[in-house]
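As a starting point, one isolated chain is supplied in structure tokens, in the form predicted alone.
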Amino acid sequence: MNNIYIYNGEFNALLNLLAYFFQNKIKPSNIKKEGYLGNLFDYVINLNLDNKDLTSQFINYFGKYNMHQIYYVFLSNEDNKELIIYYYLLNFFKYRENLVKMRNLKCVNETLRICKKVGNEAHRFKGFVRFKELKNKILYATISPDNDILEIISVHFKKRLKNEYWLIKDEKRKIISVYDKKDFYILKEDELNIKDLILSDSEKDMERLWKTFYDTVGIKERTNERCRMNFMPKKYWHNILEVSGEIEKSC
């Protein structure tokens, strides 16, 4: 029988669950978000733990570097990412600061691989995000990343566009980052009504100009589709103005 532990999908809730495991020396078969149905051989356990903010305690014990690593794993779309985090921190008790050097451990290799993947996607999206100016002068953009990188890129745009009001919507996860010139807040889509968005007149003109410029500077004889898709994967094109109309083209 597999003991599958359930949490609500929030990072702090996962930390509470991990602390419970370590304190009671419990070895879970797996950890899943709410909604997991399991199979015939799963024993699903949903604990009612006190939701304490354990972030600072975890940072003090495991260190900022390790907490950064596991947070990036948490933001990934990897299966069994919670179990990878569990084993990574469990091995910290044995290897301490030398843990990151233990590349022979699967949990360490997986953690480093996933962190690199999430970091690379977040870095790409700093250049892929295309803001549009709305009638009320708020900047608005949509993204559809593989991993939950909205918070990471929001930190970037908080510095890059610090004097603007902006919204970034993650279409896959139905969440929106809202910036008010002071800080950003990540909300669920149903907490914010953004159904009727109207572009400003200047934005419509700017989009036409930008698309014309992009089409004009390209040299057809030097087109390299494979190279372009290496730098700008096709799965992101529908959110990128200059190539959104080319989605139907064959690779």
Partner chain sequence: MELKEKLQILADSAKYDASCSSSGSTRINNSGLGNAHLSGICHSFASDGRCISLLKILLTNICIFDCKYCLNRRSNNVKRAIFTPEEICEITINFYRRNYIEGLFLSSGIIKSPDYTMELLIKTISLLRYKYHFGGYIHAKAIPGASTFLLKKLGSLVDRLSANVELPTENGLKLLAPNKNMNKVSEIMGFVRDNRSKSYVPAGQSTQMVIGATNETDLDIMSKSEGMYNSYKLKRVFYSAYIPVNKDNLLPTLKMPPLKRENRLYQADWLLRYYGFKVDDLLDKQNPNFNILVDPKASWSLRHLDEFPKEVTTCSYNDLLKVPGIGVTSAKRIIKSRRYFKLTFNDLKKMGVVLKRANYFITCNGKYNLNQELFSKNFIEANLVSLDSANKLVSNVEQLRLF
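Just so it is clear, the structure is predicted and the values come from calculations on it, not from any experiment. Positions refer to the first chain, counted from 1.
Although it is not shown, the form predicted in complex with its partner chain is what the next lines describe.
Picking from 84-92, 169-177, 67-75, 124-132 the stretch near its partner chain in the predicted complex, with a 4.5 Å limit on heavy atoms, gives 124-132. The contact residue chosen from 224, 56, 193, 48 relative to its partner chain in the predicted complex is 224, the criterion being a non-hydrogen atom within 4.5 angstroms. 164 is the sole member of 164, 146, 151, 79 with a non-hydrogen atom lying within 4.5 angstroms of its partner chain in the predicted complex. Remark: residue 203 counts among the residues lining its partner chain in the predicted complex, judged by a heavy atom distance of 4.5 Å or less. Among residues of the shown chain, residue 26 is not one whose heavy atoms approach its partner chain to within 4.5 Å in the predicted complex. Contact check for residue 115: no non-hydrogen atom falls within 4.5 Å of its partner chain in the predicted complex. Taking the partner from the other structure, its partner chain in the predicted complex has a heavy atom within 4.5 Å of a heavy atom of residue 109. Of all the residues from 206-237, those having a non-hydrogen atom no more than 4.5 Å from its partner chain in the predicted complex are 206, 207, 209, 210, 212, 213, 214, 216, 217, 218, 219, 221, 222, 223, 224, 225, 226, 227, 228, 231, 232.
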